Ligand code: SAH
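Here's a solo chain for you in structure tokens, the form predicted alone.
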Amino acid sequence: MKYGIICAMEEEIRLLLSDMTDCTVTEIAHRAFTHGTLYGKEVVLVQSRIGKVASASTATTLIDRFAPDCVIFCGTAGGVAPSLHVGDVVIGDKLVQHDFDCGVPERIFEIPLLGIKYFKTDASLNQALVNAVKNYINDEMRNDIPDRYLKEFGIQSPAVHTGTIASGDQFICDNEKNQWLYTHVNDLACVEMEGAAVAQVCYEFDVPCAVVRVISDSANDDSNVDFARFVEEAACHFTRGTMKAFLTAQK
């Protein structure tokens, strides 16, 4: 089994890269695809950069050149659902491009010619990732992230959620826009800028995929979290911890 793992930002991927062994690095289209062993499993790890075009291009190259058996996208997201708080983790069971609109109201978000609005992820991967996140939070999170950072970010007992993840080429920090999305997107949990593009590519290649996002800011929290600091001091540990728990549990 070969796993393809994508992160958008250097800060999100650096701890995983540091744990890779027996590596071969292939440069394609200004991206470094690192093929090697991660927690005992064969993995191709790559940073996509930010946005739907960057992530779709990366996923296409990853699948076409390295033929992973599945693709997992890891990173951060902004929480929209009222139940979400900073530090919670969302496993996307569906992905939608919230900025895709061809001007027909009843077909908003639908991808022309495919006729799909919501791209489903792989149920078995999702369940394994839910278990991995819970194991990381219960067993290792407080060993990785010092108490002072957990207090700074307001992280107490993070929860794991499944739901729809909406992607668009916009960094959304507008409560009115969040409310519109929550009203129009089925079972919306959070928003980010890459996952739905990766899900569409995986659908077209018939490759199972999953998307894992730790919440960096939430419409339900009053505190203003420093995003860069959160990624550097907390999110990167959630990503590594989740992937370590997930991969070590795979047979």
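For every residue, the number given is its place in the sequence shown, counted from 1. Not measured: the values here are computed from a predicted model.
Keep in mind the form predicted together with S-adenosyl-L-homocysteine is missing from the figure; the text below concerns it.
A.B. asks: Evaluate V191 for contact with S-adenosyl-L-homocysteine in the model of the complex, applying a 4.5 angstroms cut-off between non-hydrogen atoms, and reply yes or no.
C.D. replies: Output for V191 is yes: heavy atoms within 4.5 Å of S-adenosyl-L-homocysteine.
A.B. asks: Might I172 be said to contact S-adenosyl-L-homocysteine in the model of the complex, defining contact as any heavy atom within 4.5 Å?
C.D. replies: Because a heavy atom of I172 falls inside 4.5 Å of S-adenosyl-L-homocysteine in the model of the complex, the answer is yes.
A.B. asks: Taking heavy atoms only, is L17 within 4.5 angstroms of S-adenosyl-L-homocysteine in the model of the complex?
C.D. replies: Contact with S-adenosyl-L-homocysteine, no.
A.B. asks: Is A77 a contact residue for S-adenosyl-L-homocysteine in the model of the complex, using a 4.5 Å heavy atom cut-off?
C.D. replies: It does: once S-adenosyl-L-homocysteine is placed as it appears in the model of the complex, A77 has a heavy atom within 4.5 Å of it.
A.B. asks: Among 191-199, 57-65, 22-30, 37-45, mark the stretch whose residues have heavy atoms within 4.5 Å of S-adenosyl-L-homocysteine in the model of the complex.
C.D. replies: Answer to the contact question: 191-199.
A.B. asks: For a quick check, can you give me the residues of 1-31 that have a heavy atom within 4.5 Å of S-adenosyl-L-homocysteine in the model of the complex?
C.D. replies: Result: A8, M9.
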